[in-house]
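Quick heads-up: it's one chain on its own, the form predicted alone, in structure tokens.
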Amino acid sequence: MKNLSTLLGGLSVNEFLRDYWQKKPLLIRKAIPDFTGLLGADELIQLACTEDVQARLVTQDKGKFGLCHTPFEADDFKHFGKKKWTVLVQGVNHHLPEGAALLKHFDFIPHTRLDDLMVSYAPKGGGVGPHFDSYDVFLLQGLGHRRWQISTQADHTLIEGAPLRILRDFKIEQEWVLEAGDMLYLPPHCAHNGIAEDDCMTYSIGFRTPAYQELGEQFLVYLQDRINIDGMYADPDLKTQKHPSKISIDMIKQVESAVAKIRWDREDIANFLGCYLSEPKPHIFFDTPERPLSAAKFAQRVQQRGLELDLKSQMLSHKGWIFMNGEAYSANGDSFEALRTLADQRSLSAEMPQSAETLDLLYQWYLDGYLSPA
């Protein structure tokens, strides 16, 4: 069970959000007192070698960094000699139920902001160098000890030609060694450098901060399938031009007037965000049931045992809309309440009543591999 009194170092959620979130770092000793990790180094390396997992291998040799991406094989993690190295595995919550459970400690931050759980392992001396991220992150220590050095410096100049975004002139302002259960919160653009003091595993709970440029581009993609501009270009009063290559003012004005008919409102923005923020990353695929239950047996199982989302599913809600893995679904009344509970808790108990319409939708998601009976 989560305990916010220790997770945030005695701060209430409101105090943390007011004083630290996106503002300044916070070191929390024994944030999760009994936490020693969710998996071992060998298990993490095995996960890094799995086909649909995103992972990176960072090496350091005589002050120079090297970077490799998946796919990996087990032999890639042997025979490093005097090199220092780190393996970082993204989306561990998509493959490990305990990882998804860990993220529930942080559901005081909206699901729209959550990215994933990244787990890293490094032997003594390993790290990825001084850098900064553009997102919020909680760095929870598992196995071993990691020395964290941080700086709020404004100079973000990077080393040219390095395979990683390494800061050229990192000025240490604060420094701590974290042990199992300790946690460090860092706001965006806070420079930091983590160095393994011994065999060391760190659990990074990251929160996405999409750029407005990215949101704008994707909103235009969203709109292109939803706009309807009547009429066609016409020029019955066309006149000759001295320069046939010239785009005429009349054409510009006419097209300007047509494009100005494109409209959107706050609900369009909400539905776009629901679809965009719940869209799985390109490497994620869902496994459909090999021997699917019939609709009747599925309904019976759900009403007896409840159901739970697949670890990779992303589900959001807004007023009368539910968003599941990039698609929007209209829902009202009790159906919306049940589906919103599923989105909030990532599971639905057998006691939660479901209408025939809701069961039909849940069954379709079951066939798609988005959820399963408990």
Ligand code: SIN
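The model shown is predicted, which means the values in this text are computed figures rather than measured ones. Residues carry their position along the shown sequence, with the first being 1.
Although not depicted, the form predicted together with this ligand is the subject of the following passage.
K.L.:
Indicate whether His105 is a 4.5 Å heavy atom neighbour of this ligand in the predicted bound form.
P.N.:
His105: no contact with this ligand in the predicted bound form.
K.L.:
Please run the contact check for Tyr276 against this ligand in the predicted bound form: heavy atoms, 4.5 angstroms, yes or no?
P.N.:
Because no heavy atom of Tyr276 falls inside 4.5 Å of this ligand in the predicted bound form, the answer is no.
K.L.:
Please run the contact check for His192 against this ligand in the predicted bound form: heavy atoms, 4.5 angstroms, yes or no?
P.N.:
Flag for His192 set to yes.
K.L.:
Whether Phe77 contacts this ligand in the predicted bound form should be assessed with a 4.5 Å heavy atom distance threshold; does it?
P.N.:
Result no; Phe77 lies far from this ligand in the predicted bound form.
K.L.:
Looking at Ile205, Leu96, Val128, Ile150, which has any heavy atom no more than 4.5 Å from this ligand in the predicted bound form?
P.N.:
Contact check passes for Val128.
K.L.:
Find the only residue in Met118, Ala299, Ala100, Leu114 having a heavy atom within 4.5 Å of this ligand in the predicted bound form.
P.N.:
Residue within 4.5 Å of the partner: Met118.
K.L.:
Determine which one of 176-184, 250-258, 141-149, 279-287 lies within 4.5 Å of this ligand in the predicted bound form, judging by heavy atom distances; exactly one does.
P.N.:
Result for this chain: 141-149.
K.L.:
What residues, if any, in 57-88 have a non-hydrogen atom within 4.5 angstroms of this ligand in the predicted bound form?
P.N.:
In sequence order, Thr86, Leu88 come within 4.5 Å of the partner.
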